[in-house]
Structure formats: C-alpha cells, structure tokens
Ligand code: SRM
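First, one chain by itself: the form predicted alone, in structure tokens.
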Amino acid sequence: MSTSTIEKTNKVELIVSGKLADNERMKVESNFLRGTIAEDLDDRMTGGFTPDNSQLIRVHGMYQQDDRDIRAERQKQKLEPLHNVMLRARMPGGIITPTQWLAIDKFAQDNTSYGSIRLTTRQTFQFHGVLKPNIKLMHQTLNAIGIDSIATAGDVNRNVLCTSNPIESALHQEAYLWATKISEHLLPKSRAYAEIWLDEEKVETTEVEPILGESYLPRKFKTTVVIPPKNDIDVHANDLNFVAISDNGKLIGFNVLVGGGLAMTHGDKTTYPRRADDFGYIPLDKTLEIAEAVVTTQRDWGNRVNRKNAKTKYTLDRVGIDVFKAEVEKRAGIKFEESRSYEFTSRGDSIGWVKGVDDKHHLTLFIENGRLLDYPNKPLKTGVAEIAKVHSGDFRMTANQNLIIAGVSEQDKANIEKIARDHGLIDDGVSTQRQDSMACVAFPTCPLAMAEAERYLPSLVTSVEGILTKHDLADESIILRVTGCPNGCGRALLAEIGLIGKGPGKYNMYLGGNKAGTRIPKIYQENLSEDALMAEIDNLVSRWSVERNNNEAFGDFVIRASIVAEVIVSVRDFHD
C-alpha cells in the first residue's frame, strides 16, 4: 500500500491523499511491533539498532541515543557513536511505591552510563545511557516490580498524566484510577513486548489491534486527566484531556478537551502549537468509549502522508472541529452535553509540606530539571533512596519534574524532613522563579537537540533572578521554559517566556503565555545569543516593573503593552 484514498463528506477531505510516509511501511511490515528487534539484540558487532528497529523500539518505550559530547572524538578514532538507549517507564498518574523506587535506584546506579534517575514532563522516570547488553535486564528488572515501558513513545497513546493533587486525596484517587483505566484501554494488544524483553513464549494466534489498528496511529498521542483549578499537567500540550468535574468532592464526569499540542518545525508555517478545544461534558461511565472514539477517529483521519502534520491538532483544523466532534459522538454512541463550569487558576507544584483532607502530610520536593543524581555536598539520589527505606506511603512524580513524598503520617513527618534536608532535597533558598522554570534534556543525549537546555537552565535562572532583583521584583516570577529544539518536550510554547533552541548558543524567544497555561506565546525575537537574551529580558522586565497594572503577570503585561500580539487561533495568529 503506497497511497491513501480520499473520502469527502460535505467537501471535507477526511483522508489525506499522497504517498504514505515511510513510517507507515515500517509499522505495517513490523509484524505487530516485532520487526527484527530480537535479532538486533544478538548482534554485538554494533551497539545500535537498524533504522527500522530504532523506530520500533520507541513503542517499547525506548529511544536510541548516543553521547554527543564524545561523538566527534569517536569519529576521529573511526568508531561508531556510543549507542545506548533511553527508557521512559509507563506510570499512569506518576505513582510509584518505595519498593519500586529502590529497585529503579539500584538499576540506575549499576547499569546506566550516567547513574541518574530523571523525572520527566511526562510524569514518569527515565533511565539514560543503557547499553545494549543491559537492555533486556532493564525490562526484566522493571517487570519484576510491576512496571513496564509499553507505549511510552512512538505512534501510540503515551503515558497518561494525572493531576498530582495531594490535598483532595479521595478525588485524586478517583481521577488516578481513571488515568490508569484509560492507559490500559488504549495500550497496544500485541504481545511483542513480552516476547522480546520478557522471554515469554510466542502464542500462536491471529493478532489484531482493535483500537490502534495494523498501522497504529499516524503520530504520537498524549492523554491527561486533570483536576481544576490546578493545570499542573498543561492540558493544551495534549491531544486528549479529561477535565474532572466533581460534586461535593466526588468525581461525577469529565469535560473533554481535544486537539492540543506544542511541537512545530522552525521555518515551516504549516506547523504550529495549538490549544485544545472543549468538546463538552460526559458522565463517568462513558469515559472509555469517548477515549476510544477520539483515538480511532484520529487513527482513521490523521495525516499519514506528512508526519509534520499528522497530530490530532492538524486533523481538527483540516476537517473542522464540528465534523471531528460529530464523528466521535457517532463512534461512542453518546452526545456531548454542555460543558460544566471550571477554571484553571495556576499550574506548577506547591513546593513543601501540605496537609490533605485525610490528615496525611505530603512533601513536594523541588528537583531542578528532574535530575536525581548525587552531586558534591548534595546527594539527591541517595536522599530519595533513604526516604524510600522508611516511607510507608507512596511517591508521586509530577509533570513539572518534581517528586511528592505522599501519605506521610504525623509521627513520620519530622524524620522524613530531616532526611530530605540532610541530602539537599529541601533548600529554603530556592526562589519561586527557579521553581517556575523548566527545561528538556537536550545535550548530550537527545539526538534532536540544536542547543543546550537542561545544562543551560540553572545559570539562565540565576541571571533572571538577578534581573528581577535589579528591578525590585525579587518576589515575582515568570513562567520560564527552555528547550533544545521545537518538538515541545519542555512545553516552552505554554510559557510566559519560552526559549527554543535554534543552534549552538542560539534561541528563538516567545512571549505571552499566561500563569494558568491557557495561552500560546508568540515569537518575539529569533536566533538570539545568550547575551542578547539577557539584554532582552532585562529590558522587558524593566518595562514590566514600571508599566504593569496592579499585580499584572508578565505574560499578560507583554500582550497589553503590545510587545507581542495575543495568539487566539494558532493557525492564523502564531506565525503572523
């Protein structure tokens, strides 16, 4: 099959015509995600995988990478890149037990090149630098503690996020259970993962993928469950979002938001970030039907010709929101009701101790860049392991790269705080600005990175802190995010100041997101050096300090002051 057909309803092109992207061939030929991965694993002449298999292992939760800091030196020595894999675990809602934590801590220490655990914006953990001989051990180690990495990357529904919400414990538990149900319902049904990594015997049966299909999805697909008023998972970065509607503290249904996404390509005006559209309200018992209907509609109508326009956001803009919504209703056998009232007022995490309605205490630890490693005089990774040895509750990884020690009893609170302080996990001097800043991994491991992000962020924030202090705004903060490329991992295109890598030491600067995470920023300056960035931020903060209205946030100010125009409809406003 080399071309797709065209179907039209009311002159709307539902299926894009043209030569299919090569990934479509690869998926169809993969024998339901098996490919020749097993044979590649046995080939020790190379540390990497073939091009097709390097794509297929993504659906198994891994990305092939290499250490870019030493790539040139290895080339001089006529050696191939130091291939390894990054694994992203599937942890719907980000909850992990202390026992599981200790097991992943040990694996990271013993079997990865970097020795770290990284908390990610997908509310899970990643191992970086796992060499080919340790890959199967990694999966079997995770399986032994009840964790897998199925469908955390690739053209499938990925790890389902859920508001961490440590205070309203009963409501959070209901929302978390739905995040888990949605994740399980939308998983690939292929047994390839178990056969390849867990050595389970192949079962002779005719395999089908009733939801994802033989070709799986046209592109990656992201789903969340969120509890207002906290938008701590950034709904507008995701294809499908279930906004919890509660009555007297009990979950009764969801508003369904569809079509968010942030990735775009430098210089390509057919690509852009997009806010999700509110389709309406559904009762709880229709949640899985609606999730499946949205996914299968995108499966059938998404662009399989041009991967840059394959995400759900582009499908909605191509066929029309009303057409897409009507098809979802038809497939699910339900009509959306009018949206119930809700409001997002903030995002991010509440760092420090809070007490829940269940009288349990919850400690949110700020982890800069989500990187848990033992640094000189700051053994963060060891500290979390020491807490895991005595903690009787659970851990919650957040979509903002932080870690919540959840469910702490009154008698255990002092001991856990002491361990955290002794290991540098609590620093009372961390500013709100640092807490409100975030970066993707970028160099040295991400193959797509054009500029530094994680390694640049600490010094960048220090400079911004100095600028705020200089202009008598030390108690204020700006949602600041930096990414090494425009693929959206650090969610820079929902920031008040978003910096997106353009080349080594060069960034495009976007302004105008808001505190609640409901507005896309707009390009302000392109290809700025780090010094030029600081000069621009200094000038903008100076104006903000003098011209702002009472308590006006930075992102709101730059729009009111006409420094940038507000992005209302991305397909029209983002690039203009």
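Note that the structure is predicted; figures quoted are calculated from it, not measured. Counting begins at 1, following the sequence as shown.
The form predicted together with siroheme exists for this protein as well; it is not shown, and the discussion that follows is about that form.
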Heavy atom of each of Gln65, His128 and Gln401 within 4.5 Å of siroheme in the predicted bound form: yes
Only one of 135-143, 258-266, 275-283, 425-433 sits within 4.5 Å of siroheme in the predicted bound form by heavy atom distance, namely 258-266
Quick check on this chain: which one of Ile167, Leu448, Ala474, Leu102 has a heavy atom within 4.5 Å of siroheme in the predicted bound form? Leu448
Pick from Lys222, His362, Lys325, Lys230: which has a non-hydrogen atom within 4.5 Å of siroheme in the predicted bound form? Lys222
Is there a non-hydrogen atom of Arg88 within 4.5 angstroms of a non-hydrogen atom of siroheme in the predicted bound form? yes
In the predicted bound form, is there a heavy atom of siroheme that lies within 4.5 Å of any heavy atom of Thr124, even though the partner is absent here? yes
Looking at the partner-bound form in the predicted bound form, is Lys311 within 4.5 Å of siroheme by any heavy atom? yes
Is Val441 close enough to siroheme in the predicted bound form to count, meaning some heavy atom within 4.5 Å? yes
Going through 470-506 from first to last, which residues have a non-hydrogen atom within 4.5 Å of siroheme in the predicted bound form? Asn487, Gly488, Cys489, Arg491
